[in-house]
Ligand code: GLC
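Before any questions on binding or motion, here is one chain by itself as structure tokens, the form predicted alone.
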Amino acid sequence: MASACLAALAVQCLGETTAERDTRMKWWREARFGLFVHWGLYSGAAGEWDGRKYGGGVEWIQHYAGVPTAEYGRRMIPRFKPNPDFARQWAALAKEAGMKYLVFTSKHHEGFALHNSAVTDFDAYDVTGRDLVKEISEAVRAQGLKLGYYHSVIDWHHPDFPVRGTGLPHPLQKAEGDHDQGRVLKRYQDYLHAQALELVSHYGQVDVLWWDYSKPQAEGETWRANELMAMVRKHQPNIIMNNRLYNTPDLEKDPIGRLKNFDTSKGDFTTPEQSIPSTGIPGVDWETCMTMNNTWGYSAHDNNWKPVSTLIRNLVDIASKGGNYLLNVGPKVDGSVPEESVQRLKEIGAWMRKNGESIYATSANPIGAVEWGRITVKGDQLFLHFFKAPTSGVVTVPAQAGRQYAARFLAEKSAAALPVKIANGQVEIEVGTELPDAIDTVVVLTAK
């Protein structure tokens, strides 16, 4: 497989034309909103190890606490007892929230796989007798959602994953002694490829593969990435993959850099993390992934929950820039979703049932920034998202010659039309100084 593509000819490495790529990406670009789920053995620690509470992403707790593999498994495996119905609850919640796809951690950095893997006994089937990837996949499809697997290229459990040589984290990095002695990277590469093959060949159609993650010292051919991507596409020709098999600009410090340096030969979309780029970039597919509190995995003590207003406005902001929003939940060790997350998703869903038309299948704001909120567009409709009422009660947008305009509040289907007139090349819409939705009132402006 070629290491680079002829961008000028709009052809990807897999021999795909621009039209073919657009067809494959169509559902993802229209979805705009998905659920991220971080769940594994780490969920049983709930952010605490030996009496010490850890902050940040507590799915990293094995690394933070420097716990050797054998001790970690001995202490965490007995806690991992998923509820019988957890997968259906996840999928139903995503559907109720107005999400169109669900991506979950098939294996995080700890190395514990949720599927029935033939190449390890450090997996859910050997621990619980259940293939949890199968259960989740079937539940997601039953709700009519698209399905995605997150899969880490880091694996602290595997005896050949490097401790120090890659610049990537490992629980034993600060431990005394040469812990890399006897480790062979190729054996780990073979293992990584074998597990990925199981995921893309045993569970039917997979819509997204969300890799995580690389650094300059360990990227691309450290994982035999071109070969890995080709194998995945052979089994799942319509799959959409991110670009984290390759090094990209810093996840949080330079989100716009991730867009500017986007290369479709290394993945279909790029992933600003915990941040929203200041602008989108036409022709670049991107997805902001973000937590509801401060952590991806479950923490019993992280109560810094974002308000629903922030979550809804984040979604609107991202859609107005042409991106997707992958919003995370961290279930407890039994698979149940914390009530704080449940309530927020239900409230977002209530807003989406009234206003989802202004999010799904929309394009980025074609006009430029406005001080009262955000703008999305679909065909001949502009969706004006008001985060606050205009001081004068009137807003203007550029008018197109020969068009007639009509406006109304989107959430109020039977509401009377809002007063509209054209003056000096501008459409003037009277929305008033008091709006019906304090979070985001959407006005749909239709050009006839």
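Residue numbers run from 1 along the displayed sequence. The model shown is predicted, which means the values in this text are computed figures rather than measured ones.
We do not show the form predicted together with the ligand, though everything after this point is about it.
- Only one of the listed residues (101, 296, 325, 149) places a non-hydrogen atom within 4.5 angstroms of the ligand in the predicted bound form, and that residue is 296.
- Checked against the ligand in the predicted bound form, the residues 203, 213, 188, 80 give one hit for a heavy atom within 4.5 Å, which is 213.
- Shown alone, this chain has one stretch from 380 to 388, 415 to 423, 54 to 62, 25 to 33 that lies within 4.5 Å of the ligand in the predicted bound form by heavy atoms: 54 to 62.
- Proximity of residue 289 to the ligand in the predicted bound form: non-hydrogen atoms within 4.5 Å are present.
- Although the partner is absent here, residue 374 sits far enough away that none of its heavy atoms falls within 4.5 Å of the ligand in the predicted bound form.
- Under a 4.5 angstroms non-hydrogen atom cutoff, the ligand in the predicted bound form lacks residue 266 among its neighbouring residues.
- Within 4.5 Å of any heavy atom of the ligand in the predicted bound form lies no heavy atom of residue 317.
- In the predicted bound form, the ligand lies within 4.5 angstroms of at least one heavy atom of each of the following residues of 83 to 110: 108, 109, in sequence order.
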